[in-house]
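Taking the form predicted alone, here's one chain by itself in structure tokens.
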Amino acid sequence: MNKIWLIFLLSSITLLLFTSPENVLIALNSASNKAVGLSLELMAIYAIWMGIFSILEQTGISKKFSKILSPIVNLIFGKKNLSEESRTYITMSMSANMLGMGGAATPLGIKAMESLQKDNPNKDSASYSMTMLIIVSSTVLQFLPSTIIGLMTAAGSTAPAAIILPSIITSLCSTTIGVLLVKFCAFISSLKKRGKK
């Protein structure tokens, strides 16, 4: 990925040198200033939410929230497939994604994946639960896309909250389709295993 970005950077600088050489430094300075400003704004947003998740974990509210989301998690992942530790991390990762905090959800998702790997009998391949976690994390069901709202606000949008309804609809559709596809593939796989027996 670094090589791809390097190619983009070098090709754009080369083009600017031939088309408008006086604007090369101006463009680089302007872009770097915007990048630093945006990074600081996003860091503030993430600091707030990571602090909130840390408080939730230390006060035990995360476990209560895990119980509330347990029926949904059991429906998606299967009740027998998860340990209590895995369920807690998955629930926290899902709640972070629902609040649009992909950056906060990532470390929780990694912890959930590590916990699922402990329970995985076949260490060389992903289990059903691990595959489902990847799909649920990738499709990112969002009810409050706070990162996107933060980006839109930083970009000067007059209606950053306008993204909420479209985000809910699209993420709900993508997550539903992803979950159904994983369940369908697992069903086909179980039929093949029965056929071999």
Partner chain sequence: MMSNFILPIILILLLIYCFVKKVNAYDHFICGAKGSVDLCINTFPYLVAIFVLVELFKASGLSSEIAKLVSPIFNFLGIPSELVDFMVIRPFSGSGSMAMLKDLYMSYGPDSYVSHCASVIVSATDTVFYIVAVYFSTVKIKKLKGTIPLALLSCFIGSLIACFICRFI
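This one's a predicted model, so the numbers in the text were calculated from it and none came from an experiment. C-alpha atoms forming the largest set that superposes within 1.5 Å between two forms make up the rigid core. Positions refer to the first chain, counted from 1.
Absent from the display: the form predicted together with the partner chain. The rest refers to it.
> Using heavy atoms and a 4.5 Å limit, would one call I76 a contact residue for the partner chain in the predicted complex?
Judged by the heavy-atom cut-off of 4.5 Å, I76 is well away from the partner chain in the predicted complex.
> Though only this chain appears here, would A159 touch the partner chain in the predicted complex if you measure heavy atom gaps against 4.5 Å?
Yes, A159 is a contact residue.
> Classify A47 as contacting or not contacting the partner chain in the predicted complex by the rule of any non-hydrogen atom within 4.5 angstroms, answering yes or no.
The answer is yes: A47 has a heavy atom within 4.5 Å of the partner chain.
> Consider L82 of the chain shown here, and say whether it contacts the partner chain in the predicted complex, taking contact as heavy atoms within 4.5 Å.
Outside the cut-off, so no.
> Going by the partner chain in the predicted complex, which residues of 123 to 144 come within 4.5 Å of it through any heavy atom?
The stretch 123 to 144, when checked against the partner chain in the predicted complex, contributes K123, D124, S125, A126, M130, T131, L133, I134, I135, S137, S138, T139, V140, Q142, L144 at the 4.5 Å heavy-atom cut-off.
> Please determine whether the C-alpha atom of S157 is displaced by 2 Å or more between this form and the one not shown following superposition on the rigid core.
Yes; that C-alpha moves by at least 2 Å between this form and the one not shown.
> For I188, is the C-alpha shift between this form and the one not shown 2 Å or more after core superposition?
Comparing forms between this form and the one not shown, the I188 CA shifts below 2 Å.
> After a core superposition, would you say I177 shifts its C-alpha by at least 2 Å between this form and the one not shown?
Shift at I177: below 2 Å after core fit.
> At a change of 3 Å or more, would you call the C-alpha separation of I168 and G37 in the predicted complex closer or farther than in the form supplied?
Farther apart in the predicted complex, by 3 Å or more.
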